[in-house]
Structures are given as structure tokens and as C-alpha cells.
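A single chain comes next, written as C-alpha cells; it is the form predicted alone.
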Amino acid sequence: MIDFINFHLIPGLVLGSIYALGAIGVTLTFGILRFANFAHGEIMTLGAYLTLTMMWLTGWHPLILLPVTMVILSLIVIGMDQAFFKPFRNSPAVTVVIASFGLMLMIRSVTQFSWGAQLQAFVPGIQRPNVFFDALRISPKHILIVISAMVLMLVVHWVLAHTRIGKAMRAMSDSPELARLTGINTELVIKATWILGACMAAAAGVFLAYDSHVSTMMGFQILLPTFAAAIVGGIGRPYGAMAGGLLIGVTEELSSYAWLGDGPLLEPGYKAGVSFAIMIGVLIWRPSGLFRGRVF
């Protein structure tokens, strides 16, 4: 039982927290701007590399540098919106999706050219886990990642529920036309959406890199499970994205536990398929997702 907690449940909570943060940005973009942003994974990667560069310059801990990364990445993402997405505001959704796919490839190329394609690490070597009750082993970085992720999710909840811009974002998600008629500054809402999504993407990228390593493909590798988390939770529902991310992250890790016999139920290489199996099952049972999101 203790091996189940040490090697499957705790890593599942860590991975689920990262998926949840990434899925918040995906679901906000989909719910408010009405398109799937395939560049979101590369934005996560860019956040990790920006943090790595600042670590080289300052020697500070990546979580201390995370707020600075959020600010820088937010400015970059707003610039991307003005250059690549604003001209297509009134275009069909498929046009904007193709633009985001092209932007994804551009960001990846810039990242590889600027930092190289080799693996990097925030913290060299292997950290020793803390031991509790002589058996429970929890890595300090896992504690920091889960606690930080939960704090950020609470911040998202506060912004959406208790601020004017958050209420305007919810109104625009329900009906952009009605939001304009009621005098809501939709361009300001769009900028706020990109900023909030960029901040969560920065956190997801930094946490993922802190947990493993920095790679130019790291964001792309978790992009599809992140999309699955957003769909499972319900498109346009940030709280659903949080729940969907945790559900998929935990289930992926638990799928490799020895539930039957001595070997893993599924080999670790099949984990990516688990998220899509969950997504298909949820969509068959409830097409709008767990939190009754949009159905197109």
C-alpha cells in the first residue's frame, strides 16, 4: 500500500496539478475566444526556458522567479495576440486554429534556435525525498509543486468570482454579443484572458521542468492530455479544467500500478492513451463534460 502512495498516487497528484494549470488556459481561450490554441504547449515551454535563463543569471530558485516569468510571458503572449490572432477575430474558427498551429511551430523553432535542443535541468542531480512515518517518501519539490498549484487555482477562483474583470470574462464566455451590448470592453477582456492563461501556462511549464527536465518538446508532449483535461472538465469551465486535470493526471499514474498480479496494469508508454480513454468515456456519458461546459 505504501508503494502505491509513494510511486503512483503522489506523482499522479503532481502530474494532475500541472495538467490542471495548463487546462485552465486552454479552456479560457476556448470559452472566450472560441478556438483551440495549439500554441499553448509551446507557451508553457517558453515559460520554462525563460525561468531557466533567469536562474543562470541570478542563481535563484525557479519558484521565486515564477512571478517574473509570468509577467514577461504575459507581455509576450499579448504581443502574439496582437500580431497573430487579432487580425482573425472575425474569421472562421478553423482559420484561427491554423494560425495557432503555425505559431506553435514558430515558437518551437525560436526556442530550439535560442537555447538548443539538448535537455536542461533546473536542479542537477536527484533530490532525496523526505521520509515520514518511516515509510512515506515525499520529494520536497512535489510538496512545493502541489501547494503552489493549489494556491494558483484559488487565485483563479478569486479572480473569476470576485473581480470585475473576472465577471466580465464569465459574461463574455456566455455570450460575446450580449457582453458588447452591455458595454463590456471586449478587447480588455481578451487581454485579461491571455494574461491569466499565460500565467497558468508559465506555472505549468515551470512545475513540469522542476519535476523532470527542460526540453523543447515538453509542452507539446503534455498538450494533448491538457486538452483532454479541459474537455473532460467541460469546455469554458475553469473549475472543470482543474478537476479534469487532476482526474487525468492521477488516473494516468494509477494505470501503471500492479492492480492484477505483479506487473503493471498498463506499461508506462501507454499512459497517454489513458487520458483519451477517459475523455471518450466522459463525452459518451456526458457530452458537456463533468461541469457542463459548452457543446459545439
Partner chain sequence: MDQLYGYSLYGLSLLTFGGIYAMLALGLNIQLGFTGLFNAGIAGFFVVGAYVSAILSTAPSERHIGGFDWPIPFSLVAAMVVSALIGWAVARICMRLRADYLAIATLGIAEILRLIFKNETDLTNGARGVSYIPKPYESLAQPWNHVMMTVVVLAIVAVLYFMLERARKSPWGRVMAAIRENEDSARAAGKNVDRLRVQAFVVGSAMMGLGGGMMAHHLKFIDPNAADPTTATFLVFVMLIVGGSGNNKGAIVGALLMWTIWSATEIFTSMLPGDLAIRSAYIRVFLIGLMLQIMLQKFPQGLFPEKRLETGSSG
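Residue numbers count along the first chain shown, from 1. Because the structure is predicted, anything quoted here is derived from the model rather than measured. By rigid core we mean the largest C-alpha set that fits within 1.5 Å across both forms.
Heads up, the form predicted in complex with its partner chain isn't pictured, but that's what we're talking about next.
At a distance threshold of 4.5 angstroms between non-hydrogen atoms, I235 is in contact with its partner chain in the predicted complex. At the 4.5 Å threshold, heavy atoms of M104 reach its partner chain in the predicted complex. The closest heavy atom approach of A48 to its partner chain in the predicted complex falls outside 4.5 Å.
Although the partner is absent here, F38 is a contact residue: one of its heavy atoms lies within 4.5 angstroms of its partner chain in the predicted complex.
Stretch 30-38 is the answer when you ask which of 237-245, 66-74, 52-60, 30-38 has residues with heavy atoms within 4.5 Å of its partner chain in the predicted complex. Contact annotation for 81-114: residues with any non-hydrogen atom within 4.5 angstroms of its partner chain in the predicted complex are A83, F84, P87, F88, A93, V94, T95, V97, I98, A99, F101, G102, L103, M104, L105, M106, R108, S109, V110, Q112, F113, S114, listed in sequence order. Here V282 counts as shifted, since its C-alpha moves by at least 2 Å between this form and the one not shown after the core is aligned.
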